[in-house]
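Only one chain is included here, represented as structure tokens and corresponding to the form predicted on its own.
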């Protein structure tokens, strides 16, 4: 996937400034497609030059005007074409898994702290995902009849929740194994 497509999806969900878009990447999209703020701004300029987005100045009180980006029909067509293109299933690449295998040639107990750190990071991300799910999809403030966009956002979030739970279970297995053989 190109960053352009992630930006198109985000802007179709809600037009916004480059700063707002970068914050959305930090809070949600970035969990499954990362980009730096510099990359986002560079791609926004290219997308504007290609006619995929348009930019309009929005006046603000007591602040400089902001540039709000929105998707053009050409951008929507580009996203539509990309949605119909087949993609290859992702391959798993976990550096920690290579380290775990490599521990057979060193001191396996030396990895315990690192695996515990990974476990905590995944536990923190799961907590964040579950809080977002409660806030946006299952809690008292959630929409009673979600639209298609909300349904699809929720199914992606549920995939993230399932992934984090799987990673936690695997890392617990790794820790138990490392402690047993150490």
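Residue numbers count along the first chain shown, from 1. These numbers come from a predicted model, not from an experiment. If you superpose the two forms and keep the largest set of C-alpha atoms that fall within 1.5 Å, you have the rigid core.
Not on display, but discussed next: the form predicted together with the DNA.
Here the marked residues 36, 63 and 66 all reach the DNA in the predicted bound form, each with a heavy atom within 4.5 angstroms.
Contact with the DNA, judged by heavy atoms within 4.5 Å in the predicted bound form, is confined among 40-48, 118-126, 137-145, 151-159 to 40-48. Contact annotation: residue 165 falls outside 4.5 Å of the DNA in the predicted bound form, judged by heavy atom distances. Taking the partner from the other structure, the DNA in the predicted bound form has a heavy atom within 4.5 Å of a heavy atom of residue 19. Residue contact check for residue 93: one or more of its heavy atoms lie within 4.5 Å of the DNA in the predicted bound form. With the core superposed, residue 64 shows a C-alpha displacement of at least 2 Å between this form and the one not shown.
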